[in-house]
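Read the single chain below, which is given as C-alpha cells and is the form predicted on its own.
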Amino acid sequence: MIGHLKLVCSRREDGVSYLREQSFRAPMHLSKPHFDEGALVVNLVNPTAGIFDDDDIALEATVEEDARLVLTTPASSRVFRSRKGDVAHVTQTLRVAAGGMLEYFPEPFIPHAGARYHQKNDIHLAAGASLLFFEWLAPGRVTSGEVFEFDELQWDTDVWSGGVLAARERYTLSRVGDSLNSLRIVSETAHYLGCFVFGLATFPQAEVEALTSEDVYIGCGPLAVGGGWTIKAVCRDAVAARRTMKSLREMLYAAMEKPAPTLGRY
C-alpha cells in the first residue's frame, strides 16, 4: 500500500495554530485535533493492523512561522513479518520555520518476528525554530515470546539547522550478527529511546543524567551546530521506557518554561 500524510500548520493572527493544509491517503489518517497550552495536538492514526512489507508511506509535516504543532500516536505502531522478503518503507520529512515549534512524541514502535523495515527521518529547522523529536523502539512482542526476532530494521536520520547538517545517524539492527549486543547489555528485553532537542536556552543536562538507574542507561550531548542536543537511553523494559519518556518530556518543557500540552489519551 502506498500512503501519505501531508500537513501544514500555520498561526492565525489571534495566535491560534491550525492546519492550513492536510492531505492523507490510506493507511494514514488523522484523529480530530485539539488545542492545548498554545499548541495544536494531532494524533496520527493508521487504522489498519500496522505496516506490511509492501507498504511505502510518506509523512510530511511543515510548521510555519510562530506556529506550534504536536504530532503523536494514540497507540503503538507495528510492522509485520515480511511475507515475500520485501522491505516496508516509511519516510518522514519535518520542517519548522523560525519561531515555530514541533514536538513528535510517538507510542512505541513494535517490530514483529521476521519484519523488514526501513525508516528515513529528514528534519529541517530554520534558525530560531524549536524541536522535541522522540523515538521509542520496542524489542518485539515480548509477551508472545518474540524478542528481537525481526529480520532487519534500518534507521536513517538527518537533522539540519539553518541549512547546516547538525546530526546524521545511520544504524541497522538485525537478529543476525552483533548489532543488538549494546541493547542486550542492559536487558534481554531492552527498549531504546532517542530524542533530538532544539530551542532550549539551557539544556537540563544534570537532570537528564540523573534519570540513570539500574533500569535506565541514559546519555546526552550537544550537537555541533544550532544549539541542539541529543539524548539516548536504553531501558530495561516497557515500564522503565514509558517512565523515562514521561520524565524527559516534563523536564524539557520545564526547561522551555512552557507547560506540556496534553496528548488526549492519558
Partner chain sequence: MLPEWLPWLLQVNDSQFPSGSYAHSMGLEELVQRGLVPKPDHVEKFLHEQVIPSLCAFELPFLAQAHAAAVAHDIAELRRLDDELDAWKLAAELRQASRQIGSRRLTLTRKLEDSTLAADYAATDAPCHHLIVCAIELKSLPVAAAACAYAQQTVSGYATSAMKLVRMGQERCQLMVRGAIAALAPKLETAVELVPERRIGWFNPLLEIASMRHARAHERLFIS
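Numbering follows the first chain given and starts at 1. Since we're looking at a predicted model, the values are computed, not measured.
Only in words, not in the display: the form predicted together with the partner chain, which the text now covers.
Here the chain stands alone, but in the predicted complex its contact with the partner chain, taken as any heavy atom within 4.5 Å, falls in 199-207 among 55-63, 29-37, 199-207, 42-50. A heavy atom within 4.5 Å of the partner chain in the predicted complex is found for exactly one of V90, V186, V147, A97: V186. Between the options V70, V234, A240, A67, the residue in contact with the partner chain in the predicted complex by a heavy atom within 4.5 angstroms is V234.
For the chain shown alone, S182 is a contact residue for the partner chain in the predicted complex, at least one non-hydrogen atom being within 4.5 angstroms.
In the predicted complex, the partner chain stays beyond 4.5 Å of every heavy atom belonging to A75. L173 belongs to the set of residues with a heavy atom inside 4.5 Å of the partner chain in the predicted complex. Using a 4.5 Å cutoff between non-hydrogen atoms, Q154 counts as a contact of the partner chain in the predicted complex. Taking the partner chain as positioned in the predicted complex, none of the residues of 21-41 brings a heavy atom within 4.5 Å of it.
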